[in-house]
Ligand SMILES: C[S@@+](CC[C@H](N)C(=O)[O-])C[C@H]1O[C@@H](n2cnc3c(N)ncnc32)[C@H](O)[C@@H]1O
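Take a look at this single chain, the form predicted on its own, given in structure tokens.
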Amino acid sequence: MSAEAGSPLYDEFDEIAADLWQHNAKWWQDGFTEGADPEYEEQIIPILAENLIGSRTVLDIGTGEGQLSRVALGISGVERVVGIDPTWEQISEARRRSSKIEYIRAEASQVPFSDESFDTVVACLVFEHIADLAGAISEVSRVLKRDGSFLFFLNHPLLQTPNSGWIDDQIIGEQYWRIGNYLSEQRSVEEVEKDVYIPFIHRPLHVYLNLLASRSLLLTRMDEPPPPQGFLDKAPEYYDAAAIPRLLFLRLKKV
């Protein structure tokens, strides 16, 4: 189900999204943590660990059950990690899995910390589910110390646009990656597995980058890694599209 501005789904997106994340919390915990997901294990966690070197204080926005917060706490030199998430089911599970990390129920657009509290802010596959993008990015900039880093992971906004996918057209004898309606913001609820519905907001990359720049967050590194081998082994239908990245990683510096 997709929606453009002005439709009921678009206007009620926040309420729908909150209910879905609460309902599907265990689906996330079972399918994407504790080594269950190769994209996290082989790609996201190594990128995060490499880019956390030198940090002392870390805020993990949209922490879920705390997987990346626990990784952060294990990095040499990191002294304090805080994870926030709007879903009680995730926060309670995160607290159960680690008592050494401070977990707080909070929205990304209302971070309950003072200005310049953290060396590093992490947001992994979170902002494509947040309606108040400008508010969330403003909060990232506000709580980051000067010269601090924002480690920003997204489903690739161009190549993972809704209705994109690998096309094997045997009639004309061509194979290609189809890109959906890239330039329009789209709010949708997608069935990612049988009876599991997840809310998404597609935005073109320039929307993210221009908002980040307007909040004094300067891009210092960008990576578009190919799908890791473990993902391809679990999804062999993706082999033909193995040169199409699923993930976009941006490292930004507060200036």
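All residue numbers are counted from 1 along the displayed sequence. The structure presented is a predicted model; accordingly, all values stated were derived computationally and were not measured.
This next part talks about the form predicted together with this ligand, which is not shown.
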In the predicted complex, which of the listed residues (V143, V71, I101, C124) lies with a heavy atom within 4.5 Å of this ligand? C124
Specify the contacting stretch among 176-184, 103-111, 158-166, 74-82, defined as having any heavy atom within 4.5 Å of this ligand in the predicted complex. 103-111
Using the partner position in the predicted complex, report whether L151 sits within 4.5 Å of this ligand, counting heavy atoms only. no
Please tell me whether any heavy atom belonging to G62 falls inside 4.5 Å of a heavy atom of this ligand, as the geometry stands in the predicted complex. yes
4.5 angstroms heavy atom contact with this ligand in the predicted complex for H129: yes
With a 4.5 Å heavy atom cut-off, would you call T120 a contact of this ligand in the predicted complex? no
What residues of 19-49, in sequence order, lie within 4.5 Å of this ligand in the predicted complex by heavy atom? W21, W28, Y40
